[in-house]
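Structure 1 and structure 2, given next as structure tokens, are two forms of the same protein chain, each shown alone.
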Structure 1
Amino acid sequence: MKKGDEVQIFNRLKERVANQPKPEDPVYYKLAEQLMPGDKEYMPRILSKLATPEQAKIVAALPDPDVEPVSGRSLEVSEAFARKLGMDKAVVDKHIRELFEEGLLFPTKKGPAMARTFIQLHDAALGNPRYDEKLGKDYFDLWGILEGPMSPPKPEDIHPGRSEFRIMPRWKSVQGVEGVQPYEDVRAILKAQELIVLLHCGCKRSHTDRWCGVPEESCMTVGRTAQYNLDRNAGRKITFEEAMEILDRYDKLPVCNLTVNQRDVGQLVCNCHYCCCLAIKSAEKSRFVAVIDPEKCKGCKVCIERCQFGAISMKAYPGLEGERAVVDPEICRGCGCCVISCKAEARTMKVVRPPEHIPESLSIY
């Protein structure tokens, strides 16, 4: 498949999903209502693949009213909780551990609890390949259908002041540019981390017909998020040097760096393409725009191919032969992909927004 086939791809996906059976046990519909109110089609089926009926019964009974809150986070439940379910506690503990590793349950101060939101479940329950055989390909198709056709980002997709993610420029594109802040230089961000864990990207895994060609193992988590994924055996620890090698390798691929839209990058650094990532559509712009020197531009149009946002076109410049590239600064989100892919070195990055453009913190975190 290729760019422009997103509607055809989605229609084929709908045909595959239409033949999947719905679960009969009402517990899945009860749990689905907490995550996606009103959805009786897809979330119940997703949950039925994540949890057996016995496991779903445990999830529905949480939180455990007999467990004492702890200062940290725990997966512990009481003996009384197991007895009320008519189950042996060792069996309950085993199920809880599996559901934690799968991403359905999270440790809290009051013991295990189901994911609070669709997004939280999406990010956790798609990133652990250890359970691929149990879940099956149909499971990933169900997630893909919820996101709709993966069309290119549009300017109107951005919601200034409310975007949960932001574009972070490829570090080579802003190397040496005056005014670059530590929270927008991936080298500084990763160098400051005690723990970096590389994950299989849930977004890429939920779009099996994607066309970007980016490896699944492409999400870098840091801080507490990294420890969470390491605890549930969902990723592997890598060094700063390994992380930079991966990022440098991905410079040759059609991906943008994304992170949470705040200055404290304590969660993740993603490598995203719109064919398999919804976050990139509404991601806030970086503080930069790409600037073109038309005299150096060779008119090869590689930059047009690399730009996911449709910010680059061709035009005739007075006194220059043939058409050369031009950037629309209103559409450009400052990812730097065109800069690092320009063999003629006709592009540079320019700071056009103040540091205040990036919030100190984001309320959802």
Structure 2
Amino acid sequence: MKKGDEVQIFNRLKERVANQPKPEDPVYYKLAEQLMPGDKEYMPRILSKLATPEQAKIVAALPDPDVEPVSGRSLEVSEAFARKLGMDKAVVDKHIRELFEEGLLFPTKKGPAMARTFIQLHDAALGNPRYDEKLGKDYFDLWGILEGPMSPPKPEDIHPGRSEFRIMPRWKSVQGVEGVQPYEDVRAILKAQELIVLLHCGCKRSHTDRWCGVPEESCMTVGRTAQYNLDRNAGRKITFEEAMEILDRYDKLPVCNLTVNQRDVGQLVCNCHYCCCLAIKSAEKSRFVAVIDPEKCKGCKVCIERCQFGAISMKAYPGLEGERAVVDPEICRGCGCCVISCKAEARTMKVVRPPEHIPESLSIY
């Protein structure tokens, strides 16, 4: 699969799941209504993969009204809860643990509870490959359909001041550039973390026909998110040095580092490509743009291939032989991919936006 095949890929996804049976048990439709009101097609099927009918019965009975109030969050249910379901408490506990590891149930103040939104489910229930066999291949296609056809990011996809994500320059592209702030320097961000957990990226897993080439296991979660994933046996703990090595490996791939559009990076550093990631479409530009030295450019066009935003084209410069690359600063989102991939070292990053371009706290007004 390649650039331009997006619609074809989406149609294939739909075809693949079209002939698969829908669950008969009404419990899945009832649960789906809580997560995605009105969807009687895909969400009930997703839930039927995540939970067996017996497990779905447990989920539907939650929250447990008899749960002992605890100070923290827990996965505990009462004896009475199991009795009401006519099940053995040990069996109920085992199911709850499994559903927690899968990402359908979460420990809350009221004991275990189902994901509150389909987004919560999406982020959690695609990240634990230990359950891939139970879930089956359709499961991932179903999520892919819910995300709709992928398409390359366009400049008008950004809503200034309202972006949920921001692009950070690839750290090597801004190494040594004056004025790089700690919250946009991926290396500094990862260095500051106590815990980094490498997770299987849910977006990549739900788009099996993607072509960015980035391994599934590429999502660098930090903070609470990292701990949560460790708790449910998803992801693996990596050191700062390992994280840097992994990022180095992606130097030859067209991927952007994304995070939440605020100063504090408390969740994750993504490695995104539009063939599988929706977030990148509207991701806010970094404070940088790529600048090219046409005299050094050898016209190899690798940068054109790397740029996800279509910001680079070739043109004839007066006094220089042949066609050479030119960056459109209006389209460039400052990801630095072209800078690190330029063998002729004809590119640099330049600060073009003030630090207040990155908000202190995420605000979508």
Partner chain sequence: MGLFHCPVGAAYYDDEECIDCGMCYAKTSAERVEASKKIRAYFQAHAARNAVPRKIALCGKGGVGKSTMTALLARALRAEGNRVLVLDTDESNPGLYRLLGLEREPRYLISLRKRDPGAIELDGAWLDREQIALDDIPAEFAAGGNGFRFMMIGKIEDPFQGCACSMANVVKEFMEKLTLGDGEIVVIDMEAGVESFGRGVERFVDTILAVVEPSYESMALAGKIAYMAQGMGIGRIGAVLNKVPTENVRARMAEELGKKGVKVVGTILFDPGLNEAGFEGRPIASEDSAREDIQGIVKSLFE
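Note that the rigid core is defined as the largest set of C-alphas that superpose within 1.5 Å between two forms. Remember, it's a predicted structure, so these values are computed and weren't measured experimentally. Here, residue number means position along structure 1's sequence, counting from 1.
Which of the two shown corresponds to the form predicted together with the partner chain?
Looking at both copies of the chain, structure 2 is the one that matches the description.
Establish whether a shift of 2 Å or more occurs at the C-alpha of E33 between structures 1 and 2, with the two forms superposed on the rigid core.
Indeed, E33 is displaced by 2 Å or more.
How about S282 - superposed on the rigid core, does its CA move between structures 1 and 2 by 2 Å or more?
No.
Is the shift of T208 between structures 1 and 2 large enough to count as movement, that is, does its C-alpha move by 2 Å or more after the core is superposed?
Comparing forms between structures 1 and 2, the T208 CA shifts below 2 Å.
What Cα shift, in Å, does P112 show between structures 1 and 2 once the core is superposed?
For P112, the alpha-carbon shift amounts to 2.7 Å.
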